[in-house]
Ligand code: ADP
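Given next, in structure tokens, is a single chain: the form predicted on its own.
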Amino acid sequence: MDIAFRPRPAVAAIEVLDLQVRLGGNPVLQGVRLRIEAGRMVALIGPNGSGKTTLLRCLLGLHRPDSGSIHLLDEGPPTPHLLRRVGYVPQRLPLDPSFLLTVREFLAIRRPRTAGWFWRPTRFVDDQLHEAVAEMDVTRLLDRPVAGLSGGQLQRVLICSSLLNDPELLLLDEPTAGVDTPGEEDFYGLIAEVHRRRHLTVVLVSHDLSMVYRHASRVYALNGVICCEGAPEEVMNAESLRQAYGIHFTPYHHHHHHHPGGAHGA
């Protein structure tokens, strides 16, 4: 008797089932179901207040959901041990001007072998940080005070910091916050290159629909629940976007051009 071959389902980097979260008595996430395959670069889109940052905080174990389950990296719920394999870049890192650490020192305390940077030779610290520093092109910033960086420079350093411990999963909450418009496309291209080179799973929260269309392999539209999901060309249409953003949202139109920077959102 022949047994039909059934391919094994791809390993899930993130699996969320019936997640419910209330903040201040108000429902924010209402039965969210989500499965993200390992190795993908996916985008999470939705209007302000739709629960995107709350969902990321639940994945990071920073907020405990009222009900539902989260399973990370095919292992289990977010625990301190498991979260060592997860990198995270917040929207913003508010810094007091009196924050005196240089970029080198800030990065060094994030890596166990260089956490004692104050008694380590600078050359040793730089050798340990070299791969991520070169990858994110922050070598020239190492001696600069973190508090004195521009928005774009700081975001670049934060992504570098998130890569230091070789994560398998990278969560980015609007990584171009504070980046000037001309630099946004290069920034997303850099993230896409990190994904390609490291073969890690990337979850990107973004309002920039043209960049989502260009770089994500799958899109999830969230507005309290997952309204729709699929390949960018399936989700980025008027009906799907109205489901996520509401009736007054102007739909995204993708235009094909044959030169760099040719995708624009309406």
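Numbering starts at 1 and runs along the sequence shown. As the structure is a prediction and not an experimental result, all values here were calculated from the model.
FYI, the form predicted in complex with adenosine-5'-diphosphate isn't displayed, but the following is about it.
Problem - Which of 193-201, 30-38, 46-54, 213-221 sits within 4.5 Å of adenosine-5'-diphosphate in the predicted complex, heavy atom basis - result: Of the options given, it is 46-54.
Practice task
Answer with yes or no whether L17 is in contact with adenosine-5'-diphosphate in the predicted complex, where contact means some heavy atom within 4.5 Å.
Solution key: L17: no, not in contact with adenosine-5'-diphosphate in the predicted complex.
Handout entry: V11: touches adenosine-5'-diphosphate in the predicted complex, heavy atom cutoff 4.5 angstroms
Key = V11: no, not in contact with adenosine-5'-diphosphate in the predicted complex.
Handout entry: Interface residues of 17-31 toward adenosine-5'-diphosphate, as seen in the predicted complex [heavy atoms, 4.5 Å]
Key = Heavy-atom contacts to adenosine-5'-diphosphate in the predicted complex: L23, G24, V28.
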